[in-house]
Each structure stands twice: as structure tokens, then as C-alpha cells.
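The data below hold one chain only, encoded as C-alpha cells and taken in the form predicted on its own.
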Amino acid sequence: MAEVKEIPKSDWAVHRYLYTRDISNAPVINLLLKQVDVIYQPRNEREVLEVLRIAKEEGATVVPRGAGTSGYGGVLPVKDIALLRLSRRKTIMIDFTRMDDFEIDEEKRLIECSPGAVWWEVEKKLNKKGLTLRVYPTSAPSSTVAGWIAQNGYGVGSLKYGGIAENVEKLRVADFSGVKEVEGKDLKYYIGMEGITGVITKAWVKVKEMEEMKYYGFHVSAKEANKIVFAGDHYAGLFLDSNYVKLKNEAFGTELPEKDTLMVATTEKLDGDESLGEEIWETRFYPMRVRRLGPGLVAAENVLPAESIPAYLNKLNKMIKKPHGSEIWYSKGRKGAVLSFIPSDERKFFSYAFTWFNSIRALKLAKSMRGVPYSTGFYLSSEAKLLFGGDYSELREYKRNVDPKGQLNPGKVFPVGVFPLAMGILQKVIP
């Protein structure tokens, strides 16, 4: 069984509070959250299965958690608000941070990772063997392997290798019926599903040989950036609009020229500024660090066709009146994940709430330009049909089959209860 440690009563309240938070802080969301009843930190798959056995017997809900670096509420324990009834079911949080081991298969160019393995720890050991990750998140120094897979993220390296879904070879998952290994077309039932169909206990992810990379910076518009980024076989592309560069300078202590700026990581020779490119590359992690300027942050992240991005940024800049900025990580398939930031003081409830409405405006704008939200989680479960497209009905039926009582991370990915309805109404009433 998972190791049990006695936590002093004075500390237990703090632990329960921390486990009801991720990097986000949506207004009034606390009313929809519940305190966890039990926190397990399993050390192996056998202990995970034991936790699931207990949850099944007691009818408890199970919420898997990695590092909590996402901002969509995917790891938050939420109340059962279907039919406006508060649930009395216990909530068990499975914290995977102790399951952090991994192995490197140099011959097959694969890593075999436990769910709590941290991306950057994996990368450092890969580098010692002349290998490197094909893709990783900008939260790699703390983000866990299973967490990012469960969210189906884009990030560094996606320009050449696509999202994490295109780089997973195989998964091992556990649910109330036991353990199974899935690969090929069956991976869609777990990647991006945030643990609602089973918890990931092992992942096999593709890696590549290290190459000598150059980093180039360009002061160009978003439209010109599209031409440069997709003109060659480049590894990564990151665009910072001038507004975000200003925020970045304040938060990171950098002194970048406050202009629209593109960074390209590539093995090709380009006519760009290498010192500028290297400086942006070295500060690519934790873009949400600008929240310290608030203190607090409203963020909006949407994935758009590259051709729509220049007009999207232009309209967004006219729409948002407060200081803000956007960065874009480009991805294979001529698209980009646009992450926009609005520093705001979350201690001031009403002004923060009105600022938060801008994330809804950004989503509406993106959808009008053939965009989709980056993820669903709890906050944007109302957008699942748009995000999953033709797979929506099949995925939802699969969820019902493997978890008929709705015990696995309830309230996530698919819309349940009044909150998704409220989000839909907000999109209609917010201009």
C-alpha cells in the first residue's frame, strides 16, 4: 500500500488547500471546489491499483495530479454539481510526484517514464547520452510527463515534431478493471483526456539525437514571422509581440528591444541576430512568471491557423484595454498556440473578475477565426465538442464504458452540470 505519513493537524489544512489549486485562479471558482479527503503519493503501479480498488469499493472520486502547472482546472477537486446537488462522495487525490523514475532506450530512441518524471530531469540525462527530447513544455523544469500527455500539449519542438500526441509511442494505464497497454489509434482515448478514462502509470515517448542548433532573432511582424517560420525545416519558433516583450523585461529583468520579435531554433543558416535569438531561447521557460506583475494573472490560450494569427493579435490588442501581451509557439501543420497574458491584482475581486472576462473574449475571437481552445480541463469543458471534433461522441461513450459511475476525475474534459452552461452563457453575453 502507498506509504502513510501522519500529518500534524495544523499542517493538514494547508495541504488540503494547496491540493485544491493549480497555477490558475478563476474568480468565484472556489465555490465549485471541494477539499480533498485523502492524498496518496504512490511509489509504484501496484500501489496505484490499490488506491483505485479502495476508491471503487467506497464510491470515491479519484483526481490524478502531477505538478499542477496547467491553468485549466484539470487537477482540481470539484463538487458534483449535476442537477445542482452537492456530492457527499469522498475525493482521493493521487499525487504522482514520487513515481518519477525513467529509463532510456538508446537503440529504439525511446524513454520509458513513470508518470511523475519531470521533463527537464529526463532531458538532462538524455543530453549525457547525446540524445534530446523531441518536444517538451515551457514548464519543463517542473512539469511531469503524464501531466503534459494527459493535457495533450504543444511546446518547444512542436514546429518540427507536432504536439506530444504525435510523440507518444505507447502508454500503460490503470482503471477500475486493472492495467492495460495502449498504442496506435487507441492512444486517443487517453492523450488529452486528463485521467477521466484511466490514469497513466507509464509512458514511452520518442526522443532524437542531439544536433547543433542555432538560435536566431528577428524584429518582424506576425505576418512576416509566418513566412520565416514555415519556410524551412526548423525545430522551434517562438513569437513575442511587443506588448509581451515589455512585460517580459519587467518580470524577467531582461532588456530586450520592445518590438515584435521572432526566435527560430534551427540547424539551418538564417540571416538573423544570433545573440538576440540565444537570449530569448535561454528565457523560454515559465512565460507565466509575468503574474508577479499583477500580482496575479489572467491568461488565454488558443490554437489558431498560422494565417489567422496576425489578424487575431491585431483585434485582441484593440479589444484588451489593460497592459497585456502574447507569445506564440508554432506547430507543425501551420498553426500556433497563442498564449496571452493580462497581469491583474487577484486580491481585488471585482476588477480581477472583469479582467478575467477578457479570456472569454479571446476565446470567442479565436473561434471566429477557426481557432480552438488549447485544452478543456474543468474551465472549458463546454468546448469539448469543438476541440475533439468528429471524435467527440466516440470519446464520450468510451468514458461511460470504462467509468460508468463517473469516479475518474469528474467534471473534467466533458461538460457536466451547471458550470459549462454558465460558461456558454458568458460567451453570449460578454461583448
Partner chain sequence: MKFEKELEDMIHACAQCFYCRVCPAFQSIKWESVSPRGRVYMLKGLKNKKIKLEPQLVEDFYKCTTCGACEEQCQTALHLVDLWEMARAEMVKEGLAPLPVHKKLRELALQTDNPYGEPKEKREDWIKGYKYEENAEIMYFAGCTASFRAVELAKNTVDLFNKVGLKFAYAGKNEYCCGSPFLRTGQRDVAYGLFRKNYEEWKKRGVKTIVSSCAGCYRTILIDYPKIAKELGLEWNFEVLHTSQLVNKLIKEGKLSPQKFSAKVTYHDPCHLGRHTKVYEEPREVIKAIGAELVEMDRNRGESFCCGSGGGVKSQFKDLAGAIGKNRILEAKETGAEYLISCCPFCKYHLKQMADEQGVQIKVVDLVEIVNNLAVKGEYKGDDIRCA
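Here the structure is a predicted model, which is why all the values come from computation and not from measurement. Positions refer to the first chain, counted from 1.
One more form of this protein, predicted together with the partner chain, exists but is not displayed; see below.
Note that among 164-172, 293-301, 324-332, 261-269, the stretch whose heavy atoms approach the partner chain to within 4.5 Å in the predicted bound form is 293-301. The candidate spot formed by Ile23, Gln41 and Met288 is fully in contact with the partner chain in the predicted bound form: every one of the three has a heavy atom within 4.5 Å. Just one of Gly377, Gly68, Pro373, Pro64 comes within 4.5 Å of the partner chain in the predicted bound form, counting any heavy atom, and that one is Gly68. Screening Asn317, Ser308, Ser142, Ser221 for any heavy atom within 4.5 Å of the partner chain in the predicted bound form leaves a single hit, Ser142.
Within this chain, Thr197 is remote from the site of the partner chain in the predicted bound form, having no heavy atom within 4.5 Å.
Interface residue remark: Thr97 is counted as part of the site for the partner chain in the predicted bound form, having a heavy atom within 4.5 Å.
Within this chain, Glu346 lines the site of the partner chain in the predicted bound form, having a heavy atom no more than 4.5 Å away. Using a 4.5 Å cutoff between non-hydrogen atoms, Leu247 does not count as a contact of the partner chain in the predicted bound form. Taking a 4.5 Å heavy atom cutoff to the partner chain in the predicted bound form, the contacting residues in 107-123 are Val118, Glu121.
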